[in-house]
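In the block that follows, a single chain appears as structure tokens, in the form predicted on its own.
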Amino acid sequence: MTSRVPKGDALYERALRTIPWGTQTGSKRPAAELRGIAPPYIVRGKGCRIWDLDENEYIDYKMACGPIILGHAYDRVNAAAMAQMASGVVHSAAHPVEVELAEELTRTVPCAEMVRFLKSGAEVTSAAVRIARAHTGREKVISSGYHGWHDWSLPGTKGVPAALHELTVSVPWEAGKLEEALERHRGQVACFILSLPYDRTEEEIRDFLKAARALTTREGVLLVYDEIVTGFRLAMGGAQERFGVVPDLAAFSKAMANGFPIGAVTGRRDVMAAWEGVSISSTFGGEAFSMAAALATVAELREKRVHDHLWKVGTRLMNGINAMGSDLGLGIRAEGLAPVFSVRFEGKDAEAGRRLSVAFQRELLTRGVMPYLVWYITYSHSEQDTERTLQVIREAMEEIKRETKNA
């Protein structure tokens, strides 16, 4: 089969000689089954459209793995960042924009009485855990979901000392399992940190968060939300605003600056006070360039009522995917929350589901739609983009159905 991305493939082979993985982000590594189809490189983006090294155009739903919420190269955000860049990016003392953004977050995020900034999701979830340990004097952490690459969050991974494995206890998204873990490790747990699953209903999520809040309060354990994905995407104040259950600490990153690198730890004043006694400091934590972008992003989200648009577009896509999957008798179904939903693939066994997933991605990519494990909706996805996407999905499903019949 002739590659549709020959320039991209050639550069990726070149990259493998000098870059482990060939890229900096695991989720951007080309899947072996999609070599010659999925673009290893994107060179330009505007709104909800991206272009690869071979000049193929896509309607983007991967959105840089989640940071883009308004649209690629969004004018207001870029203008704010460039204005700040003209007077410097980092300085020899703090910049006033740190105070402006911290105050904005305390007005926006329900749990935020104090705020500290870092540069990535993995940094702020790790900082939140260290603060929880310092505040409680306890060492163990109960975790649900993925929280980044640091040692505490990936026990059992190569390169993580065995001595650290027993300090993190992983539990599924079940209140009963959380209660069992809290009781088994009573008096030892600093916090329960969780990220939202992509395949649950609003009711299921709300019920679990209420249970987690009650259980952690009962046990004197801090409740920490990993809002790296959900922050500023489900609502201005993230999942805690959407579901009305407020944690003690919360970590934000991705969408808060529409792609500029920034993260924030927010929380109760008495808990955040523990920062005075720990060592968490970064040269680039107060980088003003991204903070200016974050202020512009938050202002645009609020003024344009962006979340109404995200829920509307996401709901239209989910309903369309589910209707077409049902009509054609394919095990393809959209699940989760409309601004960031997942697409599930089912077959007679796990391998059949995997093949269905690969076929779906292949057909979308060749027709100019960039899918992902979860689909991120942005303010730049117009009604026309949505309808074009649904047309492509229909064509992709019909092709898969034909292939299935002929196999």
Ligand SMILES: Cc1ncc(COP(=O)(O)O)c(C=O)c1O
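All residue numbers are counted from 1 along the displayed sequence. Only a predicted model underlies this, so the values are computations on that prediction, with no experimental measurement involved.
Same protein, other form: the form predicted together with this ligand, not shown, and the subject of what follows.
Undergrad: Can you work out which of Gly148, Gly286, Gly336, Gly314 has a heavy atom no more than 4.5 Å from this ligand in the predicted bound form?
TA: Only one option qualifies, and that one is Gly148.
Undergrad: Quick one: of Leu249, Val229, Val221, Ala293, which gets a non-hydrogen atom within 4.5 angstroms of this ligand in the predicted bound form?
TA: The option sitting close enough to the partner is Val229.
Undergrad: Just to confirm the contact call: exactly one of 121-129, 68-76, 84-92, 103-111 touches this ligand in the predicted bound form at a 4.5 Å heavy atom cutoff, so which is it?
TA: Flagged stretch: 121-129.
Undergrad: Is the gap between Thr216 and this ligand in the predicted bound form 4.5 Å or less for some heavy atom pair?
TA: Outside the cut-off, so no.
Undergrad: Report yes if any heavy atom of Arg233 sits within 4.5 Å of a heavy atom of this ligand in the predicted bound form; otherwise report no.
TA: Judged by the heavy-atom cut-off of 4.5 Å, Arg233 is well away from this ligand in the predicted bound form.
Undergrad: Contact with this ligand in the predicted bound form for Gln240, defined as at least one heavy atom pair within 4.5 Å: yes or no?
TA: No, Gln240 sits far enough from this ligand in the predicted bound form that none of its heavy atoms falls within 4.5 Å.
Undergrad: Are any of the heavy atoms in Ser143 no more than 4.5 Å from a heavy atom of this ligand in the predicted bound form?
TA: Ser143: no contact with this ligand in the predicted bound form.
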